[in-house]
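What follows is a single chain, given as structure tokens, in the form predicted alone.
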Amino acid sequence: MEIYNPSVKKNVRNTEAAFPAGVRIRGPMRPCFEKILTKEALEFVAALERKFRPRVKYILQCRKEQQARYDAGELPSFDPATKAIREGDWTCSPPPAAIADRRVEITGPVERKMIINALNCGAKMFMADFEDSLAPTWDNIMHGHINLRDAVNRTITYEDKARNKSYKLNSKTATLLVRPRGWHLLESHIEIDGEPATGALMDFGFYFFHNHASYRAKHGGYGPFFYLPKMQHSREAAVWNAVFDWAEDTCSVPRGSIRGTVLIETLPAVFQMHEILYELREHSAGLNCGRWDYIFSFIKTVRAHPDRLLPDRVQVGMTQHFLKSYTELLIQTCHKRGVHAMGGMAAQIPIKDNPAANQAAQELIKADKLREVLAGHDGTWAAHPGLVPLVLEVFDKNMPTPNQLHVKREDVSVICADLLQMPKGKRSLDGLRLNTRVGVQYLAAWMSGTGSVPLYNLMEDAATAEISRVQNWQQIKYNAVLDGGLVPGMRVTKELFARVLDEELIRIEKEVGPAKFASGKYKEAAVLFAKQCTAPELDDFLTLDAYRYIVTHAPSARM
């Protein structure tokens, strides 16, 4: 069997071929890319793009109009026009046997070794990620599709020459789920009719086209299974449902085979949970508490409200009332509709050189997971294979059944005020420093092609950088008073932030070492992070601005 090593990146000459009219490949070709970029697959993706691009543009425009209303003083709320859906007696299709038990899911980028380790680690599910934990370089995206194809076909192997170690799949592995990019992200390396492809449609299209038959054969006729990120309204779920219908019909797959779990990771979406499930009801696999992005969205949504400044992000935990209310309402909603209510990420990772700190981290994870399972969640996320046994132990002890769909949580009564209640805590100079230090380091890694980064004993993805950025922006915008830490009463200004940024760059250099600092993109990241934190208007996503740094167009732009 051939051992594949994605570190080999020799260019392959772009050759003129009979690819579909209107499709332009702008990224350089590498070995094996042609196995993904077949004429038939490109036709499938191009057809998806042409059919759904207008709807994607419409829902993104609706987001802008919705945010304009919030900026003018409105706050999110339940929609009176859809009250009948929220109060109606309907359910989603029951979960297939392949995803009935999801008690522990591990997540990570679509990197080859990561996929093998995650599928082997003992978790019930593995969410392979094209979104927040992956920097969407052309090579990362294309190698990701190659890796997933090989994983579905069980031919995936990896050779780590530095460690003289080979990796392959165990006989029993986790069930694979895939998270495509959010609706807002474009793919600059493929143009369709002169416009960049929609990242979500490209990720879904290539993966579904190449793998649906093999996947369904291994999972009782169901699948593939997906996670759907960053939605704000049920109209966005309706687009995904239409995409699923079209893909199933086009490939002669029975309706309802595809299932998608929606991450509730935006503040507007928490008021639309019944409606989102209703739109996806034949294709729904439930909802997930995307807690870190949810905090980011909370700040972003109320960005024009100077009375809504959050405390240091380390104090905004899941026991805060607005987050506790969000999770309880999600569980109640999912179980009323007969689908899974998935818990959030435990971001801690094993601390190998400090047993006391490692034990403390494990206790935090146990407490977090115990809270989730006792609340009625059907499963949860872990960030590292080494934590899967610990999380499994908590759920196995407290959830003897495959799931908790029978736990209806009829005791829960959540109103708008609960979901909008401001968290308690203080803002400090240390909090500003941590936001800046983490934001710069994550962005430096992302600009270098790495989207999942261990920082200060936590596995961080784009959500942490986004929280750091928008919180800094909000505090600078409104000259927030720092009421905690060693220097209470100080106001956050652009001048203070500039000084903090300079000092934190010095600290980063000491922590990572002069050689790594010099060879990394820390200075470039600091410039971009500062620009984002001090901009007159807040950008929706940090990665939209950063994406241009990782685009690599080939000299010849057509195959």
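The first residue of the sequence shown is number 1, and the count goes up from there. Note that the structure is predicted; figures quoted are calculated from it, not measured.
The next section is about a form of this same protein that is not shown, the form predicted together with a small molecule.
Any non-hydrogen atom of residue 187 within 4.5 angstroms of the small molecule in the predicted bound form = Result no; residue 187 lies far from the small molecule in the predicted bound form.
Taking 4.5 angstroms as the cut-off for heavy atoms, does residue 214 touch the small molecule in the predicted bound form?
-> Close contact is absent here: in the predicted bound form, residue 214 is far from the small molecule, nothing within 4.5 Å, heavy atoms only.
Contact of residue 384 with the small molecule in the predicted bound form (heavy atom, 4.5 Å) | Taking the distances in the predicted bound form, the answer for residue 384 is yes, it comes within 4.5 Å of the small molecule.
Proximity of residue 179 to the small molecule in the predicted bound form, heavy atoms at 4.5 Å | Close contact exists here: in the predicted bound form, residue 179 approaches the small molecule to within 4.5 Å, heavy atoms only.
Identify which of 461, 372, 236, 203 has a heavy atom within 4.5 Å of the small molecule in the predicted bound form; exactly one of them does.
-> Flagged contact: 461.
Could you work out which of 406, 161, 352, 397 is the residue within 4.5 angstroms of the small molecule in the predicted bound form, going by heavy atoms?
-> By the 4.5 Å heavy-atom cutoff, the listed residue in contact is 352.
If we take heavy atoms and a 4.5 Å cut-off, which stretch out of 237-245, 88-96, 344-352, 72-80 is in contact with the small molecule in the predicted bound form?
-> The contacting stretch here is 344-352.
Identify whether the small molecule in the predicted bound form is within 4.5 Å of every residue in the set 475, 491 and 526, based on non-hydrogen atoms.
-> No, because 475, 491 and 526 lack any heavy atom that approaches the small molecule to within 4.5 Å in the predicted bound form.
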